[in-house]
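Only one chain is included here, represented as C-alpha cells and corresponding to the form predicted on its own.
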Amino acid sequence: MVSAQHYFDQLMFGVAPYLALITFFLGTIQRYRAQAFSYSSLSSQFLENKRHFWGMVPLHYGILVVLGGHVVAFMFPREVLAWNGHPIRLYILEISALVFGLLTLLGLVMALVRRLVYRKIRTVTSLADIVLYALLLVQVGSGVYVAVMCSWGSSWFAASATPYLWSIVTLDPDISYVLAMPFAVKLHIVNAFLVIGFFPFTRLVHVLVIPNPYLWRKPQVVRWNRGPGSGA
C-alpha cells in the first residue's frame, strides 16, 4: 500500500517543480504583455538612500555569487567534484560560499528592516513585497544553515541535487536523489520552487531586463499613487 508520505514527496519534488515553471513562464509573459512598464524593481531609493545602499549592495553581490555557484555546480558537476578532490580547494570553496551566503542574508535582513521601520518605505511596501521577503529569508536562511550544519554541500549538491534537477529538465523526475536528504535541504529545494512560482508577481521581474534595456531607454519616472488618507 502506497503511503501518504509517498504522495506528499511526489507532490513536493515531482509535481511542484513543473507547477512553478509553468507559473513562471506564463506569468512573466502575461505580465510583460499587459504591463510592460511594471518590469522594474520599483526602487524606493529616492525615498531613502543610505540604508538602501547598505542593504542592496551586499544583497546583490552576495546573491549573484551564490546563484552563480549553483549554476556552475548544475552545469559542471564532474568538474566541481574534481575540484573538491583536494582538501584545500574544498575548504576554499565551502568557506567562500558561506561568506557570500552570510553577505546575502545580512543584506536581505537590512533591506527588510528598512521596509518595516521607516514610514515612507512602509507606505510603498505591498503585501507581495512582504511575502517575497519572507520567502527569500527562508531560502537564504536555510541555505546558510545547510552550509554550516551539512558539511561539504558543494560536493553533495553536484552528486545528488544536480542529477535530480536534470531529471526535472528531462521530464523524468527522479525524487530518490532528494528523499534521503536532511529536512533543511528539502525545505531549501521546495522553497526555491515557491520563489520561482511567485516570481512573476513581484519586483524580481526586473532581473529579466537587466542590464540591456537600461543602456538605451529613456529615464523612467516612477510615481507612487495612493488614495486620500493613505499617508503617502
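The numbering used is simple: start at 1 and walk along the sequence shown. Since the structure is predicted, the reported quantities are computational estimates derived from the model, not experimental observations.
The following text describes the form predicted in complex with a small molecule, which does not appear among the structures shown.
- At the 4.5 Å threshold, heavy atoms of A97 reach the small molecule in the predicted bound form.
- In the predicted bound form, at least one heavy atom of W156 sits within 4.5 Å of a heavy atom of the small molecule.
- In the predicted bound form, the small molecule sits within 4.5 Å of a heavy atom belonging to I189.
- At a distance threshold of 4.5 angstroms between non-hydrogen atoms, V169 is out of contact with the small molecule in the predicted bound form.
- Among V80, A147, L132, A111, the residue placing a heavy atom within 4.5 Å of the small molecule in the predicted bound form is A147.
- At a distance of at most 4.5 angstroms from the small molecule in the predicted bound form, all three residues V66, H70 and G143 contribute at least one non-hydrogen atom.
- Of the candidate stretches 189-197, 169-177, 53-61, 28-36, only 189-197 has residues whose heavy atoms lie within 4.5 Å of the small molecule in the predicted bound form.
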